[in-house]
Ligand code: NAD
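In structure tokens, the next block holds one chain alone, the form predicted alone.
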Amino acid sequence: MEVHNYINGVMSPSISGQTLPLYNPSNGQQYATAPNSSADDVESAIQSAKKAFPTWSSLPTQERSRYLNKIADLIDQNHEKLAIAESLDNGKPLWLAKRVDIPRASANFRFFAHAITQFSTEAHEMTDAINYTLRQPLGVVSCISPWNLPLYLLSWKIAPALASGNTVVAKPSEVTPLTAHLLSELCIEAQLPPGVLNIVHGYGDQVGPTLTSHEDVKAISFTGSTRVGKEIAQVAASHIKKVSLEMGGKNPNIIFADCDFREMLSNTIRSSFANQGQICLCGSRIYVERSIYYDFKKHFVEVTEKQIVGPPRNDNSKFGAIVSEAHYKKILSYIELAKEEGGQILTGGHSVHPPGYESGWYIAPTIIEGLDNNCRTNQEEIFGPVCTIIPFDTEEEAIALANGTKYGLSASLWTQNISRAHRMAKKLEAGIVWINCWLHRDLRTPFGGVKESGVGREGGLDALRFFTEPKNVCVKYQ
């Protein structure tokens, strides 16, 4: 299989003809190639987007909405094909891609197709004049998405950008480009005008500099590591570009004794290990009130050990493969670090070799206790099926532990005490706080982090505001 760039409405290889390999995480084997693009490919995509902008931005809102709805319809019609591709490329269980990733990608397009038709602006009346606000598209924007939720997060960026009237140059992760390639084909089928959306594949260090620094790129929306996000922020600042950064997380899960234990336990399994722990919102630091700590530990370990790690196509596989060999080795290295720091492995802590898939990259869900909150294992983002558990005694201690990292993306809180829930939600340093739930999302709400977890917000009207520029118009009465 060959993945291609999508530039000016046409599928094509890189200008140089160079390719990069794509690997199937379930068996470690190469299954395809993708363009190893360069600055020349990005330049071509930017010029294509620039040429398309005047016509696309001047289309009636309802017409842009129609295109996005058509793409959503095609995603729904190709649900099975896209899910299989996402599972193959990423290593996640096929049932998960069917249930979450592909439906959410469709929902993203459909949500913003309708949201843009409801997007209103303000008017401010004076005694002798009236002010009104125009919100106009920016121009060409860059959308850079990660490998953990490939189509899900790519659509989360490009849908509001296109709905707002911008033209887009998108870069999916070079590790998981397959569904972006298939989305390109769907855009052609939807007859999206050439140049409105362009997708360039390749290594970040080769295409990223042009994608972020080019004078014709007016804004950058990025989801990925804090390290890369900081680099993009520096580039954006030097070129005075709008930037939205959703970066790393080291999210706390705080469990009080008065929680609904059964509901909490079920959700804690999900929040710790879903998608092999490769979700920026996973709760990798679990803090448990001391009075239920040992009971929690016992049940958490028992339930975790019943989870099946196996090939993504197997219906009974609860967890699939790690996305790449490099990431697989990184996660295992952190498990070894945890041992060196004095952590005790309660379960997991090792690779898994399913029969027939011995060369795949699988890791057993891992629970660690006995670590100090300030150790590297509890401070650095592992982004894998690894969590730590620590007891606490007071609400104040729980807050201090939860806030004790440089990150602040999300937090989960389990308690039946409504006053405590509101009180702690206000004190937690996080962009998102879930109370008695996890990953319960409403697309209208602002999404993003604080501290080194991000700058800006995505979702709902916040996304439409980011991808537009406000202009005040003052009309004095005659």
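None of these values were measured; they are calculated from a predicted model. Throughout, we count residues from 1 along the sequence that is shown.
Here the subject shifts to the form predicted in complex with nicotinamide-adenine-dinucleotide, a form of this protein not shown in this document.
Novice: Pick from 308-316, 349-357, 263-271, 207-215: which stretch has non-hydrogen atoms within 4.5 Å of nicotinamide-adenine-dinucleotide in the predicted complex?
Specialist: Residues of 207-215 come within 4.5 Å of the partner.
Novice: Taking Gly283, Leu337 and Thr366 together, does each of them reach nicotinamide-adenine-dinucleotide in the predicted complex with some heavy atom inside 4.5 Å?
Specialist: So, no: the whole triplet misses nicotinamide-adenine-dinucleotide.
Novice: Only one of Gly384, Pro137, Pro146, Gly343 has a non-hydrogen atom within 4.5 angstroms of nicotinamide-adenine-dinucleotide in the predicted complex; which is it?
Specialist: Here the answer is residue option Pro146.
Novice: Looking at Gly408, Gly195, Pro93, Gly224, which has any heavy atom no more than 4.5 Å from nicotinamide-adenine-dinucleotide in the predicted complex?
Specialist: Only one listed residue qualifies here, and that residue is Gly224.
Novice: Check Gly248 for me: does it contact nicotinamide-adenine-dinucleotide in the predicted complex (non-hydrogen atoms, 4.5 angstroms)?
Specialist: So Gly248 counts as contacting nicotinamide-adenine-dinucleotide.
Novice: Would you classify Leu186 as touching nicotinamide-adenine-dinucleotide in the predicted complex, given a 4.5 Å non-hydrogen atom cut-off?
Specialist: Flag for Leu186 set to no.
Novice: Using heavy atoms and a 4.5 Å limit, would one call Glu380 a contact residue for nicotinamide-adenine-dinucleotide in the predicted complex?
Specialist: Glu380: no contact with nicotinamide-adenine-dinucleotide in the predicted complex.
Novice: I'd like to know whether Glu174 contacts nicotinamide-adenine-dinucleotide in the predicted complex, with contact meaning heavy atoms within 4.5 angstroms.
Specialist: Taking the distances in the predicted complex, the answer for Glu174 is yes, it comes within 4.5 Å of nicotinamide-adenine-dinucleotide.
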